[in-house]
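Next up: a single chain in structure tokens, the form predicted alone.
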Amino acid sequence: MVMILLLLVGIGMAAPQVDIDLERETRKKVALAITDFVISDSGSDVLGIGKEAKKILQKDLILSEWFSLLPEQVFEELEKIERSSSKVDYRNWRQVGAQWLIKTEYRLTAKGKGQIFTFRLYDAVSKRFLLGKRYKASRDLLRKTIHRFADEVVMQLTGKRGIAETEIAFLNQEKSGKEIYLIDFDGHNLRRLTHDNTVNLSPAWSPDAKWIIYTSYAARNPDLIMIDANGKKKQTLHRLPGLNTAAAWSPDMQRIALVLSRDQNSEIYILSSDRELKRLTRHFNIDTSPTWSPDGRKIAFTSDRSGTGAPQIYIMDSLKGDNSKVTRISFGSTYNDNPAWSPNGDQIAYTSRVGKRFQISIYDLNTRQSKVVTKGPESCEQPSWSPDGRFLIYRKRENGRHNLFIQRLGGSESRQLTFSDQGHSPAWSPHNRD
């Protein structure tokens, strides 16, 4: 467990003078200097924990796409001068091009089994101390500790928590079936969550990021299973003959939308916290892939009810379903699926056939228009949003292999996250509420 020991708050916490625009490709990044992590008490770090921690922090802040890091040779002389002083020469830091500055001290606990980090963040432009954090954690939680501070830095800039501490769940093809894996946002800490030795489908996170629900054929029926994020607790959540799949937790965690085939074809139901079922869709065509709006009032889903034999994306009331107005939002494509409602509530990402390939499209609920946001000769499918609404992760077929890629909204470049050749059905975790 990461323990926050001390919170240091700067005086005069006015918003930084940095323009923030989530959509613009050409937005200006904050020029950031990160000095070497200094070990205190004249100790010795034979394991190189300080250097490792600094590399993790640098990568986290680069991947956030809010910061550009100053080359260390630009400020190495200034860093030497200030190493033995608690003062910050804001004027000199501005002259070398730094807008923000991070200084870090650390010390190792008994026998090197843990460490205590003290981080300080300064604004060289406004000449003020912004933030200080002190964390104590065991050695195996080093990455989590640094991720947490990186998220604090992003929050200081944007007012929203960063995503360095988040995880992605996904399916990986094994010889015995499909198993669920977890991986950190930065591509490290890959680990296998399930060992079911069967076909698993559709992993989905609980809003508190503590549980994952998925469909498993382990009992020779597609049952709905719930497992904790550590893989230590597991239970069957729902079991009826036929499909029990495509589950999605409501934002308040009181309901689960899921797809059942008990009515001769796939229909969307609501499973309440007291295990009562309520049917939402009543159509002779297939209805599937429910996703909740952040306020829990609406559900977007996939259906081929248009009569063209081609699946489209629709929105319905989460309480009334087909007993109220159902609105189609996808047009201009013969195949659309995998809707994912954005955390901000104003957009829905989905898979759409464009020509002979699949691409990721985004529907804007304000303009009522869709835009294709991926491109290239390879297919992109199964989008999932980061909890801050700035990034999408999706499955991409490249050179005959499937892997997961991350792309910022408004950006044109993508970053490959997995290299397993069998990445499917990514699900980005919400922020952990601990």
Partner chain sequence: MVIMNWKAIITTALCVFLTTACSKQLMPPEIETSANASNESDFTASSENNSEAQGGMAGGFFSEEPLAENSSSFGSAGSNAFGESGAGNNSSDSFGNNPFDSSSQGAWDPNTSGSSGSSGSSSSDFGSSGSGSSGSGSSGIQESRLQDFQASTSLKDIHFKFDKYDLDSESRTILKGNAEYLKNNPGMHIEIQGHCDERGTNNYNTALGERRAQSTKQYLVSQGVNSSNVHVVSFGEEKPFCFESGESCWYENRRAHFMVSK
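Numbering follows the first chain given and starts at 1. Bear in mind that the values here come from a model prediction, so they are computed numbers and not experimental data.
This protein has a second form, the form predicted in complex with the partner chain, left out of what is shown; the following refers to that one.
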Could you work out which of I81, L190, A219, V74 is the residue within 4.5 angstroms of the partner chain in the predicted complex, going by heavy atoms?
A219
Here the chain is shown alone; which of I362, L243, A164, I299 has a heavy atom within 4.5 Å of the partner chain in the predicted complex?
L243
At 4.5 Å between heavy atoms, is T367 in contact with the partner chain in the predicted complex?
no
With the cut-off set at 4.5 Å between non-hydrogen atoms, does S324 touch the partner chain in the predicted complex?
no
Using 4.5 Å between non-hydrogen atoms, is R395 touching the partner chain in the predicted complex?
yes
At 4.5 Å between heavy atoms, is D223 in contact with the partner chain in the predicted complex?
yes
Counting any heavy atom within 4.5 Å as contact, can you tell me which stretch out of 179-187, 316-324, 291-299, 101-109 lines the partner chain in the predicted complex?
101-109
Within 4.5 Å of the partner chain in the predicted complex, counting any non-hydrogen atom, which residues from 245-259 show up?
T245, A246, W249, M253, Q254, R255, I256
